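Just the one chain here, laid out as structure tokens, in the form predicted alone.
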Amino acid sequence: MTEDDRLAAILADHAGREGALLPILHDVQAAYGCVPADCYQPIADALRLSRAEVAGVVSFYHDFRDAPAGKHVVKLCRAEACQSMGGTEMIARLERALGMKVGETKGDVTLEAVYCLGLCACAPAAMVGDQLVGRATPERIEALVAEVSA
């Protein structure tokens, strides 16, 4: 199935659906690993929206990517509880240790900021793949990344 066919199938699945933009964007990201900019216009046409409206929604929601993530995604909480427990310093140390910044992908690892993982009592919090990490330290996160990358 070509990329055009995949997009056409996603759009057909949501044809006539009320409020279809977000479900379409989630399906596109699941299919492509991101929401490529060249999909904006076909989505806009199918929903009778402008390209700018589609681009605005993609850029507003932090979960949508404009490039595929690495195989291993590390989510670092930046909410107030985690900040108050040293999360900002932990993230800075982790960035230095991994040689990358939040929002970047290096090799098969992507660092992402999130704004609550629900582990406020165990702050600072992180998530490596599907594994939640409370009382996160750069060393623990690095070890988990090494473990899943091995």
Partner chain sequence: MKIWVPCDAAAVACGADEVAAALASAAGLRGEEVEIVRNGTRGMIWLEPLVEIERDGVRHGFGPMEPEDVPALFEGGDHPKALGPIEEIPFFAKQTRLTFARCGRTDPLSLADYEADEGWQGLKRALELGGAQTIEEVTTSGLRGRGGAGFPTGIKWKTVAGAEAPQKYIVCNADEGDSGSFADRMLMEGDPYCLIEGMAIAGLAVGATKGFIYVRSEYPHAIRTLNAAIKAARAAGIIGDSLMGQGPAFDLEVRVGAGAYICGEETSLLNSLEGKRGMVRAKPPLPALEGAFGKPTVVNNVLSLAAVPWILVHGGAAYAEFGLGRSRGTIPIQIAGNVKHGGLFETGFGMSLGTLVNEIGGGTASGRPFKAVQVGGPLGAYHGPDDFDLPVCYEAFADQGGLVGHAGFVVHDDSADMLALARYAMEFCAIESCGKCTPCRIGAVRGIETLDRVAAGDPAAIELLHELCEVMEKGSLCAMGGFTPYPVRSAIRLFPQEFSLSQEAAE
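Residue numbers count along the first chain shown, from 1. All of these numbers come straight from a predicted model, not from anything done at the bench.
The same protein also has a form predicted together with its partner chain, omitted here; what follows describes it.
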Is there any non-hydrogen atom of Arg78 lying within 4.5 Å of its partner chain in the predicted complex? yes
So in the predicted complex, is its partner chain close enough to Ala121 to count as touching (4.5 Å, heavy atoms)? yes
Even though the partner isn't displayed, in the predicted complex is Met127 close enough to its partner chain, meaning a heavy atom within 4.5 Å? yes
How about Val57 - does it come within 4.5 Å of its partner chain in the predicted complex, if we only consider non-hydrogen atoms? yes
Which is the contacting stretch out of 66 to 74, 37 to 45, 83 to 91, 96 to 104, given heavy atoms within 4.5 Å of its partner chain in the predicted complex? 83 to 91
Along 128 to 150, which positions have a non-hydrogen atom within 4.5 Å of its partner chain in the predicted complex? Gln131, Leu132, Val133, Gly134, Arg135
